[in-house]
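The chain that follows stands alone, in the form predicted on its own, written as C-alpha cells.
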C-alpha cells in the first residue's frame, strides 16, 4: 500500500516487511564503503544542491548506460546521438562511474552502442519515443539516399532483426547523420504494411507525383535523385515475380554499387514517398561486471560486498545486439539484484 503524502510504500505483513521511502528529484553521487570495503550507503544530492548520506547495507545500481551524457559519448564513442526515448536522455552514466570509483570491473564494448533508425521529426515527441517502426518497416522496400541523392547501403542486406542495426550505423556515417528512405506506391500495397507503420507513426511520409518533386520537398538535388532512381531501376530484374516481402527473397540488382540483395524491384509507380531517417541511440554497450547473482565484481572478479547492479549498465554486448535480449536481461537480473540485496541486508542485520 502507498502513503502518498510521505512518498512511502509498505510491504506485506511478514517477517520481511519493509517501509520504502522514495526520494524524488534526488541523485546518487557516491557510494560509501566501510573500513572493510563493503557497501555502507550512498551520498545523494537533492534539487536544492544539498548533500546527504543514506546509510544502507546494500545498494542496487540500475541507472542505465551513458547515452544521455555528451561528454562520455564523445570520450568513448567519438560522437553524440539523440536518444530514441526521452528516458534515455537521463541515462548519464552516474551509476557506472560510482561503481568504477570503488573498483568495479568495466566490461562490454565501451566504444559501441545499440543504434536504431528513427524519424528525426519525432525527436522530443510528446510520446517520449522517436518513431522507428514506420521507418524500419519501409527501408527494405526503399532506396536509402543521403543529402547528395546518392545511395549508400544495401537496403536488402539481411533480415529485419539485423538490418536495423546496419541501417542505423550507415546513416550515422552520412553528412548530418541523415538519410532518406525513398519508395513508391507499390510499398503501400504490401501485406500488413499500413498496419505495421501505424504502430508508432507520428508524421506522414513526404509525398510527390514525381521523383524530382519529392527531391524538392526533402531538400535533395532533383537531378541527382532522379539519376539514382534511374540507375537503380536499370539494375533490377525485369521479372519480379519472385518478390516476397515476408522473407529474404533473393531478388537482387545486377552490377549496381552498392547492391540491393533482396526485394529489388523497380521504383516507378507514383506517387513517390520518403521518410527522413536519422540514427538514434537505444543504449551504450559499456558497463560494469556482475556475477550470476547480480553482485558487482572487482577487477579480480571478487564481489564487492553489498553492491548489486542490473540492466543496461551491466554491459555485456559486443558488436551486435539481438532484439529484446536487453529487456529479458533487465527482467532476470533486476529480480536477482533486488532479491539478493534484500537478503544480504537482512543477513547483515541479524546478530
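Residue numbers count along the first chain shown, from 1. Just so you know, these numbers come straight off a predicted model, no measurement behind them.
Another form exists, predicted together with a small molecule; not displayed. Remarks below refer to it.
Site residues 70, 171 and 333 are none of them in contact with the small molecule in the predicted bound form, judged by any heavy atom within 4.5 Å. Comparing 136-144, 181-189, 81-89, 245-253 against the small molecule in the predicted bound form, the single stretch with non-hydrogen atoms within 4.5 angstroms of it is 81-89.
Residue contact with the small molecule in the predicted bound form: residue 41 places no heavy atom within 4.5 Å of it. For the chain shown alone, residue 27 is a contact residue for the small molecule in the predicted bound form, at least one non-hydrogen atom being within 4.5 angstroms. Remark: residue 211 does not count among the residues lining the small molecule in the predicted bound form, judged by a heavy atom distance of 4.5 Å or less. The closest heavy atom approach of residue 311 to the small molecule in the predicted bound form falls within 4.5 Å. For the options 286, 306, 64, 289, the residue carrying a heavy atom within 4.5 angstroms of the small molecule in the predicted bound form is 64. The listed set 165, 154, 119, 94 contains one residue whose heavy atoms approach the small molecule in the predicted bound form to within 4.5 Å, identified as 94.
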